[in-house]
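Only one chain comes next, encoded as structure tokens, the form predicted on its own.
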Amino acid sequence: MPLPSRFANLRLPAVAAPMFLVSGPELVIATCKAGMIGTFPALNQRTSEGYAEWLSEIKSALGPEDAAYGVNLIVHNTNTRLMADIAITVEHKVPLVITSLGAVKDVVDAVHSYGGVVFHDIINARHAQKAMEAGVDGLILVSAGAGGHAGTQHPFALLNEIRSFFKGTVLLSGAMSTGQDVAAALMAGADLAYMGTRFIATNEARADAAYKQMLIDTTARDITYTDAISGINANFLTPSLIQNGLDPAAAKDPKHKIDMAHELNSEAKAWKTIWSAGQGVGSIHEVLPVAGLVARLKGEFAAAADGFMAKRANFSL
């Protein structure tokens, strides 16, 4: 379907996903200026006041020719900041809001009140149906192999199932690291690709240098899918689990139910020293500035599109 008008300045049909402790204003601004949608989790700023400051910084840095930006709001009853952050989001008229861990109509209505767009991330059809009932504009399909909290369904299977009943904007996530992957997502029927892990290995990402190096040094076989870190299944770099004294083979039972207050505790090491990544790490070979990475992605995307048309010419359809 046609993309919302707010995304008219996109020069690559992709979104840099909001990553806990990794995405900040620097990454968002560089991504938007390069022609992709840049996003960050509101909770990456430790206070609502700080969140408002980040929004002001991003808005002042972006011009009318740059791509839109977005924020991720955790819509969960343990997120004690939610109401304050929603009020700030409305005040700043954030173009795109990505909701996670809950699709609530009141939140969607608040964003729609100023013309904003709401995308909700899902891992299965049941979650998609609930998000539709809340009135979201788009769905982010977090399929098998995605970094962070991820589902287990194959991208094509999940995409085809959701497309059978949802007519809004669809974003596909899961092990996407190249421009060819972006092209494949669109060819499969998605409107946008959703990329996270590849943007950790950029100069602007707020990730430890050792984290970025581990992305370069690992492949898909070095990813562990477990709910032992935050109570929700997610993909993590196996070496980082081992460095923290965890046995990847035994990391199956949750240590605690999800609790955003716990996750934000400065003493909690989860996600800070245990590093998340998707199965696309095998395609990451260097740390780049965002501008350089997006330029490469654009070239790969164009080459993939041209290559498809050349192959299509070989067949009479």
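Sequential numbering from 1, following the sequence displayed. Keep in mind the model is a prediction, meaning the values are calculated, not measured.
Separately, the form predicted together with a small molecule exists; it is not shown, and the next lines address it.
- A heavy atom within 4.5 Å of the small molecule in the predicted bound form is found for one listed residue only; from P95, G138, G145, G179, this is G145.
- The contact residue chosen from A131, L158, I200, A185 relative to the small molecule in the predicted bound form is I200, the criterion being a non-hydrogen atom within 4.5 angstroms.
- The closest non-hydrogen atom of P18 lies within 4.5 Å of the small molecule in the predicted bound form.
- In the predicted bound form, Y194 approaches the small molecule with a heavy atom inside 4.5 Å.
- Not displayed here, the small molecule is approached by G278 to within 4.5 Å at the level of heavy atoms in the predicted bound form.
- Using a 4.5 Å cutoff between non-hydrogen atoms, S100 counts as a contact of the small molecule in the predicted bound form.
- Residues placing heavy atoms within 4.5 Å of the small molecule in the predicted bound form fall in a single listed stretch, namely 147-155, out of 75-83, 216-224, 160-168, 147-155.
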